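Before any questions on how it binds or moves, here is one chain, the form predicted alone, in structure tokens.
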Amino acid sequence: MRKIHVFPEVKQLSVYLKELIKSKTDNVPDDKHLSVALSGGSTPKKVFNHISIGENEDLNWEKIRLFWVDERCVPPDDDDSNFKMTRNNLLVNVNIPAENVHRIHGENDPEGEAGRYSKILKENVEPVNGLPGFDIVVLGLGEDGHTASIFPGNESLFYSVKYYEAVTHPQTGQHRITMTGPLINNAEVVIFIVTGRSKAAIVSQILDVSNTTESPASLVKPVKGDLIWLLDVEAAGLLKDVLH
């Protein structure tokens, strides 16, 4: 089921996401954890900051296990690191046990790390439909329609039989590691968080019913879970008949 929510500002969007995570966490059995995969980018950075600043004791971080959708192949203290961004804007402000944080080791050999991280998922994420089944996968959206680190022209990666793949950014040549489509679409809840006027065109292309353009992000269609789009008014500015 696809749901679209539009918020006046990032702060309200962040509150909604936090409450969604809290509602899921509150229903996790005592012997289980909520598995959440995070993305990098400027919008998640703002959202993580809003979620973590101020009162956060109402979120039981001990019940949450964090993973990453993708990572640039850089050390964890590099400014390009998705882990560093999350650490500086979320992790430093919340009481999450270190053993609950499973980062992608971007400093390692990309192919080897993709394999290692896939094993981490097998050991820490409950299987659903024969694959690791995340409770929540949080995605960003590029102006070119990419999501995770699956870019236009590399859509075949979305159908990979591997959980994670080593990839190369088509413009910059930067090496990355990314979650693949089957894992994304196997999640219970997949959430796109998108803000800003610069994203309005691609949001409209993906969400408007008349659209026939395919981009990596348009391939996100959870098999049995929910697909939730959290937008600010600027990102939703060109939407027509899809809001309700």
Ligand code: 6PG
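Given the structure is predicted, the values throughout are model-derived calculations rather than measurements. Sequential numbering from 1, following the sequence displayed.
Quick note: we don't show the form predicted in complex with 6-phosphogluconic acid (6PG), though the next part is all about it.
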* Could you spot which one of 35, 185, 215, 43 gets a heavy atom to within 4.5 Å of 6-phosphogluconic acid (6PG) in the model of the complex? => 43
* To do: From the candidate stretches 215 to 223, 58 to 66, 35 to 43, 22 to 30, select the single one in contact with 6-phosphogluconic acid (6PG) in the model of the complex, where contact means a heavy atom within 4.5 Å.
  => 35 to 43
* Can residue 132 be called a contact residue for 6-phosphogluconic acid (6PG) in the model of the complex at 4.5 Å between heavy atoms? -> no
* Any chance residue 176 has a heavy atom within 4.5 Å of 6-phosphogluconic acid (6PG) in the model of the complex? -> yes
* To do: Please check if residue 84 has a heavy atom lying within 4.5 Å of any heavy atom of 6-phosphogluconic acid (6PG) in the model of the complex.
  => no
* Does 6-phosphogluconic acid (6PG) come within 4.5 Å of any heavy atom of residue 148 in the model of the complex? -> yes
* Does any residue in 109 to 141 get within 4.5 Å of 6-phosphogluconic acid (6PG) in the model of the complex, counting heavy atoms only, and if so which ones? -> 140, 141
